[in-house]
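Starting off, we have a lone chain in the form predicted alone, written out as structure tokens.
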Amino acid sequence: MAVRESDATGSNPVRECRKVKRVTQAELAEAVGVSRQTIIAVERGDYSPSVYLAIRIARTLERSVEELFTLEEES
């Protein structure tokens, strides 16, 4: 799964939702059981989370997986 691009500014829904909820990267990481570096990589689009991690992030941010992530087509 990849972070869904939300606009041309390079922002993404995970970062936007996290900031709206006033949750730090470290707090989100602790809530979903990964390192802060993993959250940073997800927000930058450098790391595609597993389905299970995407679900945990979405639940923590009170969003659906579809709102935050999109499936990457394998080529």
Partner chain sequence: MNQRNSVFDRWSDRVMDLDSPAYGDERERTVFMEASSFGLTIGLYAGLAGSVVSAAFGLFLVPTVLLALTILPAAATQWYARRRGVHLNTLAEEGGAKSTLVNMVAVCTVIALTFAAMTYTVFAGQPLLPFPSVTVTPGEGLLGGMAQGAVVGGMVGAVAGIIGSVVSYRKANRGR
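Residue numbers count along the first chain shown, from 1. What you see is a predicted model, and the numbers here were worked out from it, not measured in a lab.
The form predicted together with its partner chain is left out here; the points below concern that form.
**Student:** At the 4.5 Å heavy atom threshold, is V65 in contact with its partner chain in the model of the complex?
**Tutor:** Because no heavy atom of V65 falls inside 4.5 Å of its partner chain in the model of the complex, the answer is no.
**Student:** Is it the case that A41, even though its partner is missing from this view, gets within 4.5 Å of its partner chain in the model of the complex, heavy atoms only?
**Tutor:** Close contact exists here: in the model of the complex, A41 approaches its partner chain to within 4.5 Å, heavy atoms only.
**Student:** Might L53 be said to contact its partner chain in the model of the complex, defining contact as any heavy atom within 4.5 Å?
**Tutor:** It does: once its partner chain is placed as it appears in the model of the complex, L53 has a heavy atom within 4.5 Å of it.
**Student:** If you apply a 4.5 angstroms heavy atom cut-off, which residues in 18 to 40 are near its partner chain in the model of the complex?
**Tutor:** The stretch 18 to 40, when checked against its partner chain in the model of the complex, contributes G33, V34, S35, Q37, T38 at the 4.5 Å heavy-atom cut-off.
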